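Only one chain is shown below, in structure tokens, and it's the form predicted alone.
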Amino acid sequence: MRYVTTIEDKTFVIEIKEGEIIVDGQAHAVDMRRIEPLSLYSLLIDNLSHETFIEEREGKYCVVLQGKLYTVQVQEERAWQQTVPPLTPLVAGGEISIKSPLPGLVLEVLVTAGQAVRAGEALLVLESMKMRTDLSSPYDGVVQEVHVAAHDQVTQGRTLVTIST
């Protein structure tokens, strides 16, 4: 599973595998054990031992490592991608294609062709690996075409909905 982690205004892409963590493409051997009943952990990274305190507060994590307090925010990569604005500005009167961020099953289509939508409004619900993902319109516009129906299997990158602005 891949995550986007923000620590002190720096963002890292992290992939967690058994016995290994990959941070921005660099692999590290890891082992982590909780010291019950506290929020204290014994952490072994590349054969270096660390003791760390981790506590969740208001959707973020407070981590004390080597005497310094860090505020850490963790999001699944797919969820994070939906919060990032597009890199290229949208041309007024243009069309955008909403594409599937992952392979999955269309559970529900919430819009129809010709329907006006607002930025942030849910367009459809996708399920992948037993997780529901609501895909929303990034802009105000009008649905030009719906390319899928409920119960369709889709591949990553497939166009699901076309919206004109």
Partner chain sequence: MLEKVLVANRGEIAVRILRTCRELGLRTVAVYSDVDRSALHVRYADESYLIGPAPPRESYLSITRLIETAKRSGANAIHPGYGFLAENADFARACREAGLIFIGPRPEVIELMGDKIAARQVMQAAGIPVAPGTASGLDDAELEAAAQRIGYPLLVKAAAGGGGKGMRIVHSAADLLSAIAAARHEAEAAFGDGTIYLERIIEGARHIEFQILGDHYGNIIHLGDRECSIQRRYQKLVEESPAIALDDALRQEMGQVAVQVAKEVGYTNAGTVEFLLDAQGNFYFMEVNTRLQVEHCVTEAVTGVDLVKEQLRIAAGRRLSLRQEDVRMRGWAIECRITAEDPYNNFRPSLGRIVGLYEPSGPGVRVDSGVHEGFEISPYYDSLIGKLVAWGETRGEAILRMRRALEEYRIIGIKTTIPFHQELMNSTRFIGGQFDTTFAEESFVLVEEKLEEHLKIAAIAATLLAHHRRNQARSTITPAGQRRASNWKMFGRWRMLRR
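Just so you know, these numbers come straight off a predicted model, no measurement behind them. Residue numbers count along the first chain shown, from 1.
Beyond the structure shown, there is the form predicted together with its partner chain, which is absent from this document and is the topic of what follows.
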Inset, instruction - Report whether the minimum heavy atom distance between E58 and its partner chain in the model of the complex is within 4.5 Å. - result: no
Legend entry - 4.5 angstroms heavy atom contact with its partner chain in the model of the complex for S49: yes
Inset, instruction - Give a yes or no for D140: in the model of the complex, does one of its heavy atoms lie within 4.5 Å of a heavy atom belonging to its partner chain? - result: no
Inset, instruction - Please run the contact check for E76 against its partner chain in the model of the complex: heavy atoms, 4.5 angstroms, yes or no? - result: yes
Inset, instruction - Would you give me the residues of 20 to 37 that have any heavy atom within 4.5 Å of its partner chain in the model of the complex, in order from first to last? - result: E20, I21, V23, Q26, H28, A29, V30, D31, M32, R33, R34, I35, E36, P37
Inset, instruction - Classify the change in Cα distance between E58 and P101 in the model of the complex as closer or farther, relative to the shown form (magnitude of 3 Å or more). - result: closer
